[in-house]
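Okay, so here's just one chain, in structure tokens, the form predicted alone.
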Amino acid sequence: MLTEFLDFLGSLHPLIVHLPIGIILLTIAIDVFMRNKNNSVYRVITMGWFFTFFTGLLAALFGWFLGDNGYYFESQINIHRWSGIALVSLSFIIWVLRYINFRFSKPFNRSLNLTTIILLMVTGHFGGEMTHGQNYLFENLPYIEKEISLVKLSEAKRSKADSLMVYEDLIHPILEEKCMACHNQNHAYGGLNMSAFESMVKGGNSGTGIKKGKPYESLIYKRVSFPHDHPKFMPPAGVPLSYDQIATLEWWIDNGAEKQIPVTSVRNDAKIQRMIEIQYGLDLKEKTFLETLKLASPSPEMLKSIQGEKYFFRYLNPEQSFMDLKFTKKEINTKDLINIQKVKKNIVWLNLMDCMLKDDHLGYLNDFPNLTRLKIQKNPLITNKGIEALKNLENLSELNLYGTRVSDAALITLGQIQSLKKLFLWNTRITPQAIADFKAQHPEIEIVAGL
């Protein structure tokens, strides 16, 4: 019972400590700026030093209780504690001297005021470091480049974002830096050992460390998300966890707190995904096939076969390795399709619209490994037979069949193309009912079937 009462008094320290600060500054201001001091002014100054001493004594006493709860390192609290006691002692001495009408010379009075201000700054500064971290004075200065997180990922890990784990790569390094000095195998303060995953989840004397799916009932989350002036806030000294780091911890616990949760799982939550991307310099957006594709540029010799009046091409990327190729004449033949075989690996978009393309011609396209967009609209000679040749295009995501003679049976083949995302079926022989059935079976594919 006594321990709980002393902890309560300790929690009042952040409230009480502001009283002597305000009183001492006001008292010194009156002493310095009041030119003509009569007896009433001297009594006000004397009373100011008394209340500075009295409220300072309360703040020091409550601060001592707060410091004894074990949440601060002795080496970090000593300067704050003893400079505070020195400030209270000096205030007491000045009050006694003024109370007995001891006359101060101006140089001596200035020295006392200056010494008091210095002690106040030292005490306040080290108290601020314990509460807000060592860099609290400078972290919000304008024009200063700020570090989002003290824990960084190596360039090698950032380049392999798909293999990162939320706990092992993001959360554990933070806990290791900020918590494990006191909560390790050799020194498990409060019975909590955070050096091993299992013991961290189990918790310590105060309760369960991690309750899977329940962040607000997890002791570790509660302690790091307390207000900074809370007596049980963690870590008690140094740089606390940032907002983004606490949010990442919350998301992890809320999503099962398993050791092996891929970082890419955050794609289901846009807010936390963006936080992690900024905090760790990651790019977690789901990559398209082309974004992951690495190709060499086609050589001048390879390009000779498509240079001329029949084909027009452009590059789609700065490396000049992805090509958008278009046939420009009114009628295409087998030789024209053979000519583009040399650059088939580089063709990612292909436009063969309105060129009398036939079913047999499509057979020359079935091994274009990187083709993602194919336009064969306005070719009335294309039927279901020709579509059969396209099912081997493993990366085809967009296909335009507008104005062809494909019918309902073609949808069976098209449904086998796993990469397909968009289909243009306007002005074909495919019925509205077949399209509706196909949409129900393949909701991931966007169908454009006209007005």
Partner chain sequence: MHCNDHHHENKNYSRRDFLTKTSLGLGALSLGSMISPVNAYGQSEFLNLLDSEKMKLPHFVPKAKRVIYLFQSGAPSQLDLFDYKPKLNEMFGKEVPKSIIGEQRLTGMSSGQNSFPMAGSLFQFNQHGQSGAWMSELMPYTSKIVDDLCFIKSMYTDAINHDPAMTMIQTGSELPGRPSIGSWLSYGLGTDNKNLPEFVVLVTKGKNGQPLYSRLWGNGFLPSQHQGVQFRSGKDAVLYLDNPPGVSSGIREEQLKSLEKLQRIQHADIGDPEILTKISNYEMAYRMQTSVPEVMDVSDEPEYIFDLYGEDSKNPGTFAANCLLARKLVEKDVKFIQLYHRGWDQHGNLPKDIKKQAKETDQATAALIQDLKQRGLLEDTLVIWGGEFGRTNYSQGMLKPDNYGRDHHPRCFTIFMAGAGVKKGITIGATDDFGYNIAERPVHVHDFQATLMHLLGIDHEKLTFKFQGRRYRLTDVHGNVVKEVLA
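Here the structure is a predicted model, which is why all the values come from computation and not from measurement. Residue numbers count along the first chain shown, from 1.
Quick note: we don't show the form predicted together with the partner chain, though the next part is all about it.
Proximity to the partner chain in the model of the complex, defined as a heavy atom within 4.5 Å, holds among Ser218, Asn346, Thr116, Gln377 only for Gln377.
Of the residues given (Tyr243, Phe312, Phe102, Trp82), Phe312 alone sits with a heavy atom within 4.5 Å of the partner chain in the model of the complex. With the partner left out here, the partner chain still marks one of 49 to 57, 409 to 417, 393 to 401, 24 to 32 in the model of the complex; by a 4.5 Å heavy atom cut-off that stretch is 393 to 401. Under a 4.5 angstroms non-hydrogen atom cutoff, the partner chain in the model of the complex has Phe424 among its neighbouring residues. Interface membership of Pro318, defined by any non-hydrogen atom within 4.5 Å of the partner chain in the model of the complex, is confirmed. Contact annotation for Leu303: none of its heavy atoms lies within 4.5 Å of the partner chain in the model of the complex. In the model of the complex, Leu290 approaches the partner chain with a heavy atom inside 4.5 Å. In the model of the complex, the residues of 427 to 448 lying within 4.5 Å of the partner chain by at least one heavy atom are, in order, Asn427, Glu446, Val448.
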